[in-house]
Every structure is written in C-alpha cells, then in structure tokens.
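One chain follows as structure tokens, the form predicted on its own.
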C-alpha cells in the first residue's frame, strides 16, 4: 500500500472536518452534515476501488478467470 493513499484519505478527512466545523459555527448545520457525508462517500469510493483491484489481483494470482 502506498503512503500517498493514506495521506490522500487523511487529507480528505481533515478537509471535511474543517468544513464541517466552519459550517456548523456559522449556523448551517445541514450543509455541515452534507459536507461530512460527501467526504465519507469519496473515501468509500477510493476504498471500494482498492478492494476491487485487490480481488482482481487475487484472481490473476490464483488463475481464477
């Protein structure tokens, strides 16, 4: 696993957390929760792509076409 991927996920999490705090302090709780939800969905998309690649590599490794 690349360290860049870990930094990318952590960066997305930090940006989402900062936006959540700023929006919550300004009284826009709906947008704050929406921002957090979008951050989670983006990270889940990245993780799902990685798991898909892992399964593809395992199929190739064990010749399970």
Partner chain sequence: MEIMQIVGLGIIATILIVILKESRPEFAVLLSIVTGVIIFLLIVPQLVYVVDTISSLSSRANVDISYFNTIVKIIGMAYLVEFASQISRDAGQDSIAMKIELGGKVLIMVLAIPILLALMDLIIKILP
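Keep in mind it's a predicted model, so treat the numbers as computed, not measured. The term rigid core refers to the most C-alpha atoms you can superpose between the two forms while keeping them within 1.5 Å. Positions refer to the first chain, counted from 1.
Keep in mind that the form predicted together with the partner chain is not shown, yet the notes after this line are about it.
Undergrad: Can residue 40 be called a contact residue for the partner chain in the model of the complex at 4.5 Å between heavy atoms?
TA: Taking the distances in the model of the complex, the answer for residue 40 is yes, it comes within 4.5 Å of the partner chain.
Undergrad: Does residue 16 reach the partner chain in the model of the complex if we count a contact as any heavy atom within 4.5 Å?
TA: Within the cut-off, so yes.
Undergrad: Answer with yes or no whether residue 22 is in contact with the partner chain in the model of the complex, where contact means some heavy atom within 4.5 Å.
TA: No, residue 22 sits far enough from the partner chain in the model of the complex that none of its heavy atoms falls within 4.5 Å.
Undergrad: Can you name the residues of 38-57 that have a heavy atom within 4.5 Å of the partner chain in the model of the complex?
TA: Contacting residues: 39, 40, 43, 44, 47, 50, 51, 53, 54, 55, 57.
Undergrad: Does residue 8 move appreciably between this form and the one not shown, meaning a CA displacement of 2 Å or more on the superposed rigid core?
TA: Superposed on the core, residue 8 moves its C-alpha less than 2 Å between this form and the one not shown.
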